[in-house]
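Two forms of a single protein chain come next, each set out by itself as structure tokens; they are called structure 1 and structure 2.
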Structure 1
């Protein structure tokens, strides 16, 4: 079963101030470059009727809502996280096993407690929806199915406040008419390539030879697409631990190729990443820098060490080196700069490795 909190950030804002809930509500990520530069994180369904969807520039959203009484709100991530954490406790306790995907959705394995009865599964889903409504005043949409693939697609069909149950014997007819991009992992690029092959729906995909798919998309994606079209998915629901990487990225005041300007911002990001490392008591083996160029193309460079370290000086020096290398290999200006550490190692071990080195 997949539980997806409806238009999450905007719904939380509606709960915080119910006077806005009959208007378009647009929750924004402001980049700080100009007064209104940034993108829409989430909008409520009223705003969506005006074409205001996640990811569009704020300026465009304002244009689409020109003359309409609407509310633009700065994203308050810490608050949404607190609400999310409480809901995830409810979801986890309602499952045999649990996998959180981002801040607003989670897969719940309820095989045991439902005894594989879809009647019983639907009751469990209704009960969980009720608990979230009672305890947090929020709605969610739930998809129930024989695996993650089907549950996810089912959750998308009826929303907001939806509940869709797809039994194993209904899977093929359920998927058949849906567009291919409902499958997780099929985004704009893959669906465009499928379109060129004359494939628009999952029903058209299932009719395609798996060999042909593997030639076009490679063995991995090819077999994945083939299996997905038949509603087959064996990916297990597994608890996720802490994040395996820590990153910060920020938009620069202006696009630039000036390494000093970039490093000035990157140094702040290093400090923040380092702070989060210390909080978790970790060292790192891999440092990466990410640059979003003026044309929004994304470039990255990374460096791997033999042993782990948690040294801020090392982080800053390597970040400087990597941005230098990145600029050498591009002639475009940088719009956004990011710093990431990964292959994280408990600080105890970092200490041991450092002392054993001397």
Structure 2
């Protein structure tokens, strides 16, 4: 089962202020540089009818809603996280195993409690939807299928507030009429390349020889496209720890490629991340840097260690190396800089010696 909370940030804001529910609602991440600088985080379905979608600049969203009685709201991540955490408790308690994919989405394995009955699975899905509605006043879309791939596609087809159950014998009939970009991971560029090959639907994709797909897209993606077109997916539900990552991001005073200016801000972010690590008693195995470029494109670099550490000096050094590498491979200026640590472990398992990383 894949449970996807409908237009989550905007729906939470509608619940917080019911008077805006019938208006276009746009939740924004403001950069702080000017009153309108930043991007749209999400929008309700009314706003989407005007072409306002996630990722577009706020100034463009306002242009498309010019003359319309609309609402623009600053993103309140801490509040959304509190709501999400409560809903994830509902989802986890209603599953055999549980894998949270983001603040608004999670996979549930319900094989045991459904007795492998799809009728019972549908009942469980309706119960979960009802509980989320009763306790939090929010709707979600649910897809049920024999694997994660089919469940995800099913949840996307029946939005908002939908429920789609796809039995194993119905998978091919369900998939074949759908456009290829319904396949998880197939974005605009891949779908455009497939269209040039005369492939627009999943049914047309499945008829294409796997060798041809591998020649066009490489062994890994070609094989994935072939298997996905047949509804094949063996990826299991992966239980995850409570603390997956800690990150901080900030807007720079000006767009720049000056590594010293970037690292001045990044050092402060490292201190904030490190303080949070110490509060939780955690160490990290992965360090990543994130850069939002002047054209709002997002770039990142990461490094993985064999053993975990909570050493601030290591964090700063690696962040400096990663930002240096990122700038060497891009000629654009950086607008926002971020630092993230992940693959977190309890402090008692932390390696104290730098030689553990060599």
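Positions refer to the first chain, counted from 1. This is a predicted model, so every value here is computed, not measured. Rigid core: the largest C-alpha set superposing within 1.5 Å between the two forms.
Participant: Only one of the two shown forms is the form predicted on its own, so please name it by number.
Facilitator: Only structure 2 fits here, because that chain is the form predicted on its own.
Participant: By the 2 angstroms cut-off, has the C-alpha of residue 107 moved between structure 1 and structure 2 once the rigid core is superposed?
Facilitator: The answer is no; the displacement is under 2 Å.
Participant: State yes or no: after fitting on the rigid core, is the Cα displacement of residue 77 between structure 1 and structure 2 at least 2 Å?
Facilitator: Shift at residue 77: below 2 Å after core fit.
Participant: For a quick test of reading the superposition: does residue 251 move by 2 Å or more at the CA between structure 1 and structure 2, rigid core aligned?
Facilitator: Yes: residue 251 shifts by at least 2 Å between structure 1 and structure 2.
Participant: Core-aligned, what's the Cα displacement of residue 306 between structure 1 and structure 2 in Å?
Facilitator: With the rigid core fitted, the alpha carbon of residue 306 is displaced 8.5 Å between structure 1 and structure 2.
Participant: What is the magnitude, in angstrom, of the C-alpha shift at residue 269 between structure 1 and structure 2 when the rigid core serves as the superposition reference?
Facilitator: A shift of 2.8 Å.
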